[in-house]
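You are given structure tokens for the same protein chain in two forms, set apart as structure 1 and structure 2.
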Structure 1
């Protein structure tokens, strides 16, 4: 157990270092000169002298590897630089925008768990029944649907035709429902397909035959044996979905004019605000890595036997 955790932690540190290097590379392949961009935004008609001064001030005249270590050191202290657009510290902007995104992602997560589990269990138990077929058709549409379109359909249906919700709304519980559903439906569709397949796969395993031979009732086999063994891949998937949804919120937030991290990132891209882009990318990637780690830890706590199978990680 200890060996596994220490290996996992070393792996995590390597990945996190890699993430910072990659984020840094992404921002450096840009053809935009950040010093010039900053100067043009803040000084009317900057002279080449002023641009050079700024370059030195921002540390951009140093060799690339020293820039990296400087950026990395500052990031560790929580200083992600100053946004070119808002002139606020990037970390402050992110902290301000994050709760809005987390609220729809959290709500979407709730929908995913509440809807995926019962539907996939029902479809798997009554494989090829009417319910299973209907669920298959609906989910295939769910994974083929662009989620921004889904968002508009919901707005047209529930805010224009039947005005239950407001088209632009923010700050109350009701306003979270449509964006979170929009974010959740494609994920629910793919999760149902995967979970159903996992359950079916486990139904043919030896331990099920053995349990049947021992005379255990069908309900008991499903709940105690099959589901318990089908959960680990689901937990991993759910935690990955968290990261996907935070990144994917960019599109949904644009549909619902939601003031979250996703629309903040898109604004930064359109405005070529490199410090903000870097900061957002780094924060989202770190959340993604940590949620993967969280999934592993939960899986091990639920079923320590997994360690024996994966012990050599």
Structure 2
């Protein structure tokens, strides 16, 4: 178990390095000069000499690889730099914005679990029935809808036509419902399709036939045998979706004016705030890889045979 986790950690560290390298390269090949953008925000009619001085102060005159190694060395010490927009430490800004993002992602995760499990089980048990066909149509629509479009529809439906919620209403539990549902619905739709297919696959396995021959009730077979064997791919998918939702929260947060890390990252990209861009991407990547590692550990706890199949024993 420890050997497996250590191997996975090494692989995840390599992934993190790759993400930071790509982010740093793409941030630096933009046609917009960060030093010029910063100068025009803070200096009236800046001269080329002033822009060049700022570029030297920000270290942007150095080769990209030297900028990267300097930033990586500071990041390993916990120093993500100073934001060019807010003038605050990037880590402090991220720490301030992260709770807002985690609140809607956590609520979205709650919707995913509560809605996906019963609908998937009923669809599999009632295969090709009315409920299964209705669920199939709804989930296809859910998978097809982009988050930003769904967010606008939710706002128009429940904040304008039927004014249950306010358009901008951050700061209470009621304000979390619409953005969390917007974030969760596409994930719920894809999760239902996968979980239903996995349950149906396991319903035709030999262990189910053996359980029926022993006289075990259908309910016990589903809850104690089929679900246990169907959960590993769902756990992996949900933990991956946790990372995807944090990374993809920018659009939803922008639609609902939600002050989270996603909207903060969008503002940084528009303002060419390189320290904030690199810091946000690093934090999101860390959360993503850790959620995948957590999924692997939980799957091993549910089914230790995974280690045998991968030659870890």
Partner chain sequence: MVKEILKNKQAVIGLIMMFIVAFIAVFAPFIAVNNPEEISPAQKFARFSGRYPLGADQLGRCIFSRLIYGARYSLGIAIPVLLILAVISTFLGTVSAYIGGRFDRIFSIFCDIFMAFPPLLVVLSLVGALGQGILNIMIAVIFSMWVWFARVIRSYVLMEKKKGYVTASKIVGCSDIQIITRHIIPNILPAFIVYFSTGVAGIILMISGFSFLGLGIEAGVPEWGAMLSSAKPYLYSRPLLLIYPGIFILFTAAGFNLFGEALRDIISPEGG
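What you are looking at is a predicted structure, and each value in this text was computed from that prediction instead of being measured. Residue numbers count along the first chain shown, from 1. Throughout, rigid core stands for the largest set of C-alpha atoms superposing within 1.5 Å between the two forms.
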Form predicted alone - structure 1 or 2 | 2
Indicate whether residue 73 shows a C-alpha shift of 2 Å or more between structure 1 and structure 2, with the rigid core used for the fit.
-> yes
Supposing the core is put in the same place in both forms, how far has the CA of residue 11 shifted between structure 1 and structure 2, in Å?
-> 3.4
Using a rigid core superposition, the C-alpha offset of residue 24 between structure 1 and structure 2 in Å is 4.1
